[in-house]
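Only one chain is shown below, in structure tokens, and it's the form predicted alone.
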Amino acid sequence: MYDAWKILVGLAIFVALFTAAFWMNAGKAAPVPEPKIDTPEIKKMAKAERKCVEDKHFMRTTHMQLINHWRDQALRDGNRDYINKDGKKYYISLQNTCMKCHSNKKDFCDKCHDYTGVSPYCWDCHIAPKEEPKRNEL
């Protein structure tokens, strides 16, 4: 144990180098994106009609499970009706139900999916909505 100090110094340097990236980025997390739901389609609707198929918390936490369930129900079982918790009936369709209101894919879907680092495969089968460029993007 004559060289114990060399081992301890080596371990300290290793730990410092290994955790340097974490220490350098501490407190610099990106802010959680807030999806924009003020699309022209939603603005055209009456206030009473501006409701999603489920409540906000449910959609934020489990929308992918709902979409997968819808896919299975519509394509495998042939059932195109969804009845939400309040008893209201909706037509099962990503493009005709969800994207009818949430037509701003870039501001609504992509912001959160990019933030969380997920790549949904919705657009492998579905046609992505065409978005008009904003005036400041021209």
Partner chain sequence: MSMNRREFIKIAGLSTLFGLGGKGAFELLRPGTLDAAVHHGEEHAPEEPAEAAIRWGMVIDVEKCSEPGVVDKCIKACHSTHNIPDFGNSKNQVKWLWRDDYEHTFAGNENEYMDDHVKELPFLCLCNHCDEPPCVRVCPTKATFKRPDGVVAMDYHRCIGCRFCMAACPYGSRSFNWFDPRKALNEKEFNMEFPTRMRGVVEKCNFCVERLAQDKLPACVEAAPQALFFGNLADPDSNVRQILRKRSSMRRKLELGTKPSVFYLV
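Residue numbers count along the first chain shown, from 1. What you are looking at is a predicted structure, and each value in this text was computed from that prediction instead of being measured.
From this point on, the text means the form predicted together with its partner chain, which you will not see here.
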- Query: With its partner chain left out of view, which of K47, K85, K44, K56 would have a heavy atom within 4.5 Å of it in the model of the complex?
  - Reply: K85
- One residue of I127, L11, V118, A21 in contact with its partner chain, assessed in the model of the complex (non-hydrogen atom, 4.5 angstroms): I127
- Query: Which one of these stretches, 22-30, 109-117, 35-43, 77-85, sits within 4.5 Å of its partner chain in the model of the complex when only heavy atoms are counted?
  - Reply: 77-85
- If you check in the model of the complex, is L66 within 4.5 Å of its partner chain, heavy atoms only? yes
- Message: Taking its partner chain as it sits in the model of the complex, is K100 in contact with it (heavy atom to heavy atom, 4.5 Å or less)?
- Response: yes
- Flag Y90 as yes or no: does it have a non-hydrogen atom within 4.5 angstroms of any non-hydrogen atom of its partner chain in the model of the complex? no
- Evaluate R60 for contact with its partner chain in the model of the complex, applying a 4.5 angstroms cut-off between non-hydrogen atoms, and reply yes or no. no
- Task: Let me know which residues along 94-117 have a heavy atom within 4.5 Å of its partner chain in the model of the complex, or say none if there are none.
- Result: Q95, N96, K100
